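First, one chain by itself in structure tokens, the form predicted alone.
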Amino acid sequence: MATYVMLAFKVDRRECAKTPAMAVDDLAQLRHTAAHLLAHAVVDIFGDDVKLAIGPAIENGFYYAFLKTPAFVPEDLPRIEARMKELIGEDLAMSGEPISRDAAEKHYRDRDQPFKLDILAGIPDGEPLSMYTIGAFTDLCRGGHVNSSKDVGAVKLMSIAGAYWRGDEHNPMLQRIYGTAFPEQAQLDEYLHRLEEAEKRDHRKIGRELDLFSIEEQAGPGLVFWHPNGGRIRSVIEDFVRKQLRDRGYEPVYSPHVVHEDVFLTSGHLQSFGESMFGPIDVEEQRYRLKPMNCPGHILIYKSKPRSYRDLPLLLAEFGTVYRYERSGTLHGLLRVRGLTQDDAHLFCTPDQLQGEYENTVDAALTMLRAFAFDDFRLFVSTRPTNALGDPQVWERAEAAIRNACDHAGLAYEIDEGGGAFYGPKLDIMVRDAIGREWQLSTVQVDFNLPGRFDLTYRGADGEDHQPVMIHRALLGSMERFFGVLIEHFAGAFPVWLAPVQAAVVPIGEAQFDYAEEIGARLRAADLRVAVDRSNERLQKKIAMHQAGKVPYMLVVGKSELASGEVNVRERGGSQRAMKPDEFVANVTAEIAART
């Protein structure tokens, strides 16, 4: 197999956590070998007329790309998978040998394999070549395999997808057969179960079902329209975050969406992030850009007047909407968009204040995430990238500050080499959701560079000017991505404090409509989000509709409830009991207070 192109052994860390005896590289080698077995099985079944391309291990498994006439169809997958399992059971040894370029070219020319010859042509002269054999199948490959087919364990073929050779539409369209593999069947079963759960929880599907948001084709891809139900949830989240910020001493600010291009030249965004920026927009012979980040605006607010050490730390916060050009092929519902709103803040402090402020910020992030029922975290310190701005020694100071803050707070972390932003290192907080998937949400960055680029100063106690340090932080990330993750975490069944409709009042008949409206008014007066169902549908259909809408509570009122002044409360989980409206309000209010 040609691992000389398009082969990045990127393996999902979550899967490795499920297989403690197997390291990341070992899982990649297992899946790499599975790709060889896939090609072996295809050739066994369909013959040597199949043209072979490449077969890498990828994040969640592996694939192999073929050209076949007639094309593969989904019904072929069970046959191929069955043959792969036979090969695994045969305990076939994997062995590799060096080969000369002439011999390799003859091997593939004799077998009429044009894509392999194309790969060989792209390998520099003098680079060592090797061929690996497993069973009756031999392929060009650099290596990185398990010892035997039996070591592959459990495999599952997942899908077929088209892809142009080398990504060029002028080249032939190949077919990739995708699969996954694990050391044990139980691990594969668990992974497949997670996929089924993920499909049920897909935020795009639930978003349509609950009428939360849409991405309108007429407006353009990657631009989100928040519908009333989604807007209610977003408002609750923003109100919660604002309260947390007030309690921690943040000041609210607002900055323009369009800013002169020179600002981004000074910040370095134009040089390091220009391809992802919208614009330029020419106005009166001046060039403007839609802002991709909020930090330059907050820097200009800081710089608008002289600052003293007595003013620091200065904590500026904004729900700032930014715009970034993401290629259409990378867009994905709410998780990857072109217009996004960050719960953004920038802290300006003295060097002596840095560690304490950083620790406070990380504590705020973890506190915030726990409020939304995310309790399982992993932390990554992301270090200097290749496109970094500034002196490496300044980067070392910033990285040390992050490590020291984590150590002092007793927080375990891993290192993400080269994963920092171009202006500073950062701490990324990964959260694990209800079905075990990891998401990167909170980011806290240390920045010694932008204060220098914008010539920021404060007057110190010694009467001299000094340069402040910046902390960039987004505790939820972006509202769009966070909402998408939240939808999937709760499968749309939001806790009562977040639910767009917390209670639906359902009268059995028209005779109870006025009583239902009275109950609705009493609940609204208690600041609950309520819907009164005045439709003429039968009771069971009304209940089914509100169940489908994942409403936490239904308050059914009929003749007996009207007579007794009570409501029949049906919880989303199925239990029900009669109670007075004031008792219901007290219970729900306490539930909300306990969660927030």
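Since the structure is predicted, the reported quantities are computational estimates derived from the model, not experimental observations. In case it trips you up, residue 1 is the first one in the sequence shown, and so on. Rigid core: the largest C-alpha set superposing within 1.5 Å between the two forms.
Omitted from view is the form predicted together with the RNA, to which the following refers.
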Using the partner position in the predicted bound form, report whether Met173 sits within 4.5 Å of the RNA, counting heavy atoms only.
yes
Hey, in the predicted bound form, is Lys51 touching the RNA, heavy atoms inside 4.5 Å?
no
If we define contact as a non-hydrogen atom of the residue within 4.5 angstroms of the partner, is Ser564 a contact of the RNA in the predicted bound form?
no
Would Gln286 count as touching the RNA in the predicted bound form under a 4.5 Å heavy atom rule?
no
Using a 4.5 Å heavy atom cut-off, which stretch among 136 to 144, 401 to 409, 313 to 321, 474 to 482 contacts the RNA in the predicted bound form?
136 to 144
Counting non-hydrogen atoms within 4.5 angstroms of the RNA in the predicted bound form, say which of Gly162, Pro392, Pro306, Pro78 makes the cut.
Gly162
Contact residue in the predicted bound form, from Ser276, Ser272, Thr266, Ser130 (heavy atom within 4.5 Å of the RNA):
Ser130
When the RNA is placed as it is in the predicted bound form, are His257, Val362 and Leu427 each within 4.5 Å of it, taking any non-hydrogen atom of the residue?
no
For the stretch 558 to 589, return the residues whose heavy atoms include at least one within 4.5 Å of the RNA in the predicted bound form, in the order they occur.
Gly558, Lys559, Ser560, Glu561, Asn568, Arg570, Gln576
Answer yes if the Cα of Tyr132 shifts by 2 angstroms or more between the shown form and the other one on a rigid-core superposition, and no otherwise.
yes
Align both forms on the core first, then report whether Tyr63 has a C-alpha shift of 2 Å or more between the shown form and the other one.
yes
Under a superposition restricted to the rigid core, does His269 display a Cα displacement of 2 angstroms or more between the shown form and the other one?
no
